[in-house]
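Below sits a lone chain in structure tokens, taken as the form predicted alone.
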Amino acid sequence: MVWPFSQSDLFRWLHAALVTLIVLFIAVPVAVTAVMSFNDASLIRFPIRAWSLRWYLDFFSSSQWTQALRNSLEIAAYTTLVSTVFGTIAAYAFTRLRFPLKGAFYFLVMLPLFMPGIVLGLGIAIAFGGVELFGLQLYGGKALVVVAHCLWAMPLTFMVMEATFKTFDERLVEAAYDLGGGPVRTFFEVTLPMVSTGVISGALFSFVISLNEFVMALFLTTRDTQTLPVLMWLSLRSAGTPRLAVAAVVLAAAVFLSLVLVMLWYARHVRKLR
């Protein structure tokens, strides 16, 4: 029997169908949530009988919700900074240096990534519940949430940077040393620019992970430091208003904006290399 299409055409169609299903799986919930955020009703319900910006005005005029948004962005920013710096340094050390118990340290770096958030959050809350630093209570502060989020964000950055450093041409570093560059100057002027794509990718992963993390933040924040996902959860238990849809749209917009900025930077970086 002769098929009217080739095997390559079949795989191409299957690939297109799979990609379409994945896009729909991601896009449909986001689109439905965005539509529901314009509902004028007091509760989330479908179909929408009246359209309004009521809940957007309610969200951005509420000090509690805007403060939670600021907390989320601030914690995500610090988590991104800490995870990117230490993840990059750790990956550079693991790919360039030899030291005892290297395998054990690698296991310890990656272990938090596979631990449930409830285990990490509860453990950190118990361990640091009564600890003070410079007279300040650690529990309930943003710094402790940053530390908790780094337990997930830094291993991701480490994996990205480890793969990046393994593909890096070490001869460029040797050439910089031959031309009189010291280790620190060579790292910042030669190595870091060459692996900047990996650094930006790792930073994006860290930011998204921290911005959307909920379980550990639920254990470690108070009313003044709670993040937007935590406030959404607490509000959902009392009343499912379209304000929750607005908060979800705001979180999604922050992620998409970050992705767009990274894509624009990457496109500019590629043009410079050409």
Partner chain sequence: MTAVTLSEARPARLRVDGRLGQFALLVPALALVTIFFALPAIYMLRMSFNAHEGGQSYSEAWTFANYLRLLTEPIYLFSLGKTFLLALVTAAVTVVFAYIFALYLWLQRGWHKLVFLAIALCPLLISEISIIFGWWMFFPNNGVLSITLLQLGLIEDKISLMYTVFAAIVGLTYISLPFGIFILLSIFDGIDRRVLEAASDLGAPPLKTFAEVLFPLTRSGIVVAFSQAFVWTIGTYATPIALGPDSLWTIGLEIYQQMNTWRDWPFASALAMVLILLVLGSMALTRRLTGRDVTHHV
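Residue numbers count along the first chain shown, from 1. The shown structure was predicted, so the numbers you read here are calculated from the model rather than taken from an experiment. Note that the rigid core is defined as the largest set of C-alphas that superpose within 1.5 Å between two forms.
Another form exists, predicted together with the partner chain; not displayed. Remarks below refer to it.
K.L.:
Kindly confirm or deny that G141, M194 and S201 each have some heavy atom within 4.5 angstroms of the partner chain in the predicted complex.
P.N.:
No, the candidate spot makes no contact with the partner chain.
K.L.:
I89 near the partner chain in the predicted complex, any heavy atom under 4.5 Å?
P.N.:
Yes, I89 lies within 4.5 Å of the partner chain in the predicted complex.
K.L.:
Just to confirm, N212 within 4.5 Å of the partner chain in the predicted complex by heavy atoms?
P.N.:
Taking the distances in the predicted complex, the answer for N212 is yes, it comes within 4.5 Å of the partner chain.
K.L.:
Answer for L264 alone: is it within 4.5 Å of the partner chain in the predicted complex, judged on heavy atom distances?
P.N.:
No.
K.L.:
Looking at the partner-bound form in the predicted complex, is C150 within 4.5 Å of the partner chain by any heavy atom?
P.N.:
Because a heavy atom of C150 falls inside 4.5 Å of the partner chain in the predicted complex, the answer is yes.
K.L.:
Need the contact residues for 12-31: heavy atom within 4.5 Å of the partner chain in the predicted complex, sequence order, or none if there are none.
P.N.:
Sequence-ordered list: H15, L18, V19, I22, V23, F25, I26, V28, P29, V30.
K.L.:
Is the C-alpha displacement of F256 equal to or greater than 2 Å between the shown form and the other one once the rigid core has been superposed?
P.N.:
After core superposition, the displacement of the F256 C-alpha between the shown form and the other one stays below 2 Å, so no.
K.L.:
Core superposed first: is there a CA shift of 2 Å or greater at A27 between the shown form and the other one?
P.N.:
Yes, the C-alpha moves 2 Å or more.
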